[in-house]
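Heads up, the chain below is alone and in the form predicted on its own; it's given as structure tokens.
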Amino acid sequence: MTTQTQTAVIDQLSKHRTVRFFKDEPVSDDVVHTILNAARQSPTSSNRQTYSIMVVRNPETKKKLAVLAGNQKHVETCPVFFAFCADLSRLDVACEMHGEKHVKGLESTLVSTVDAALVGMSVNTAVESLGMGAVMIGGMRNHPKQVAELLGFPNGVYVVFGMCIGWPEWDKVPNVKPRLDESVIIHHEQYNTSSPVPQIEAYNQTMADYYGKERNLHESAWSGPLANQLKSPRRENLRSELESLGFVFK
């Protein structure tokens, strides 16, 4: 029996590109419905389905979300914005139906966050399969409490990340971005603890070539910006805000 290793899905995943500029063309309700309902078949832990998807088209709401995400203009200008939410609220109701209380902990916080991430990646794949484009928005975690208030969440819901979708302006879409060498990403049987410095140095040069001299990036085009970003903590309010929204970290 032969094994087909190159499929349309594999080819599509290999050609992923982030899209931040969209044509002024609508995305129909039918298309949105098809994408989301296909993605809802994504695996979830113990079939708990601890996620929800917000579909936002209202221009004023998108404008406010764009500001909360760090003034990311594409959140405002995309035709459709999705917010992928960790959602424990339905489990509260399910437990109450049987006279039980939903006891939350770190595991439930992680499970709901992973569930949201899995369905979000399925949506991204479905979007691209239709010739559309998308960009994920981690900036939704900048102000999770304000986002929750804006979108009317009950207790036990927060946005893990957002996603802008639409029909790409292809002339403004970057080429496929190179990735780190597979030798530092993929491990077989045991984690490879040898130093990744040679691969990182090679990747720095690859990324410098990718961005080009107009970005004024030197030979540390990947590790340099990361070191600058990571020298101080980010979103220091995140834990306290998520706790106020009903999530537990112990």
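For clarity, every value in this text was computed on a predicted model and none was experimentally measured. A residue's number is simply how far along the shown sequence it sits, counting from 1.
This next part talks about the form predicted together with a small molecule, which is not shown.
Against the small molecule in the model of the complex, the set Arg48, His102 and Pro154 makes no contact: no member has a heavy atom within 4.5 Å. Only one segment in the set 107-115, 91-99, 173-181, 76-84 has residues whose heavy atoms sit within 4.5 Å of the small molecule in the model of the complex; it is 173-181. In the model of the complex, at least one heavy atom of Ile137 sits within 4.5 Å of a heavy atom of the small molecule. Heavy atoms of Arg17 reach within 4.5 Å of the small molecule in the model of the complex, making it an interface residue.
Interface membership of Gln72, defined by any non-hydrogen atom within 4.5 Å of the small molecule in the model of the complex, is confirmed.
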